[in-house]
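Read the single chain below, which is given as structure tokens and is the form predicted alone.
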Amino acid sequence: MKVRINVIVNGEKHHLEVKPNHTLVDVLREELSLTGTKKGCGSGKCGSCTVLMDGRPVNSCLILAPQADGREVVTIEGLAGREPHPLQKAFAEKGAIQCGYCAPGMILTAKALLDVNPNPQEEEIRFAIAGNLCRCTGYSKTVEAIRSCANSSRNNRPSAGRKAYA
């Protein structure tokens, strides 16, 4: 049995038939070929599958596909325009990306934070990214990359789903 859902992903409307027990990360990767969203632990503990749903960071491994019906989802592929988003540039420039597996989730979490708090303190940044695990860089370079975009008009480029961070 399949369920019909309508979802906006990266600004594009999609009408899909999905299995009710498929997760959002599975639909993004398998149905829409958006492989920037990574499958990690599958239990919401690592954050590698983080996407923005209606502007809020969510673990897409914990969201059943039917729960995305009528919602707006932004993946790492949808964050950039013709050139990388300032956060993507900052992560690269500050050395916050090593293997890159956690980076999409970290960047999207940072985007949600900066959308509601354009000038967070280090403690607030660390709290926001606490659900995103990284085994390569540690977190100092990640915090530095996010701080470099804080209170910057470069970060305020419009993206789909600008709502409160939670």
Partner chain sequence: MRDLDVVGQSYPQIDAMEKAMGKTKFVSDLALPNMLYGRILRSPYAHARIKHIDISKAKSLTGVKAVVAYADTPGIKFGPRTEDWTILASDKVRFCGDEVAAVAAVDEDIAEGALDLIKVEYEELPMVSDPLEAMEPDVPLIHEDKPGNIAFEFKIDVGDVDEAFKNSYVIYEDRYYTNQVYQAYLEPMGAIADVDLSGRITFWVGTQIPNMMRMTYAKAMGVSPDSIRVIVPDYGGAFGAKMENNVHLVAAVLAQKAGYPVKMINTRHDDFIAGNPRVPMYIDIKLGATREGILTGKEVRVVGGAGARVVYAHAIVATACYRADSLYRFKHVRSKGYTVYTNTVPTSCFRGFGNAQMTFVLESALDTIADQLDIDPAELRIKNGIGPDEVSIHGWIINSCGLKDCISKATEAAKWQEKRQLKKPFRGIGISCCNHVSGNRAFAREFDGAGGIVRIGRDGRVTVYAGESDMGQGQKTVFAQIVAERLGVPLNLVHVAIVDTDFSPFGLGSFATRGTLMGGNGVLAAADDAFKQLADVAAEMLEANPNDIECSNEKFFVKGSPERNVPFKDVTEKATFVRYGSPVVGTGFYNPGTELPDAETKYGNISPAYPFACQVAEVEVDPDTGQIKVLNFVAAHDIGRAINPMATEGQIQGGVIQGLGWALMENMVTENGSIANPDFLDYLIPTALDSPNITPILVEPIESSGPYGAKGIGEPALNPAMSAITNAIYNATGIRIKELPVSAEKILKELKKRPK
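For clarity, every value in this text was computed on a predicted model and none was experimentally measured. Numbering follows the first chain given and starts at 1.
Another form exists, predicted together with its partner chain; not displayed. Remarks below refer to it.
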| query | finding |
| --- | --- |
| Proximity of Gln121 to its partner chain in the predicted bound form, heavy atoms at 4.5 Å | no |
| Partner contact for Lys19 in the predicted bound form: its partner chain, 4.5 angstroms, heavy atom | yes |
| Contact test in the predicted bound form: Cys46 vs its partner chain, heavy atoms, 4.5 Å | yes |
| Contact of Ile129 with its partner chain in the predicted bound form (heavy atom, 4.5 Å) | yes |
| Partner contacts for 82-99, taking its partner chain in the predicted bound form and a 4.5 Å heavy atom cut-off | Pro84, Gln88, Lys89, Ala92, Glu93, Lys94, Gly95, Ile97, Gln98, Cys99 |
